[in-house]
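First, one chain by itself: the form predicted on its own, in structure tokens.
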């Protein structure tokens, strides 16, 4: 059985959990906060979450974990069969992570945990995040999912990374960054009803 390490509050933990549910794989959740302790570093070299354990071997980073799950259990597929469409799915996922979520994370601790952030970081976040969303919007096809009519890896990143970014942005700037992207808002509403995502949401609240 796959062991999933991390905390429910992590969007990447939730993403991997949703992928496991999509693949109909059995897994055990093990509460494990980020840590620099030896045991944690054995699972994830940077002590981050989530990580998984399979037959005594560890794997970290959500992108790598979901790729492993895709290879292990090809159906239902989270990557389209067509090579170019699969490439566009990965391209979109990377843009969501790098140009939206990582931008928002500059202000994460200030927004959600009462930390401080420099005026420079705050200003750059306010300027750069909408630009990242514009790039993401350009790549999405809304058909009705992020890439065509198949639920894919890009939809998992769209829901969990855009969700975190939106929360941070609203806390910092009292505005919804998706207001200028109604199709993206409709997509996240659609994804919230996906059984795997709805289950993760419900169990996170328990």
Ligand SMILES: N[C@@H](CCC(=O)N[C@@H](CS)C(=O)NCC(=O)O)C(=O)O
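Residue numbers count along the first chain shown, from 1. All figures in this text were calculated on a predicted structure; none of them were measured in a lab.
Absent from the display: the form predicted together with the named molecule. The rest refers to it.
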{"item": "Contact of residue 34 with the named molecule in the predicted bound form (heavy atom, 4.5 Å)", "value": "yes"}
{"item": "Interface membership of residue 188, the named molecule in the predicted bound form, 4.5 Å heavy atom rule", "value": "no"}
{"item": "Non-hydrogen atom contact residue 131 with the named molecule in the predicted bound form at 4.5 angstroms", "value": "no"}
{"item": "In the predicted bound form, residue 10 touching the named molecule (heavy atom, 4.5 Å)", "value": "yes"}
{"item": "The named molecule in the predicted bound form: contacting segment from 148-156, 134-142, 55-63, 169-177, heavy atom within 4.5 Å", "value": "55-63"}
{"item": "Within 18-55, the residues that have a heavy atom no more than 4.5 Å from the named molecule in the predicted bound form", "value": "34, 48, 49, 50"}
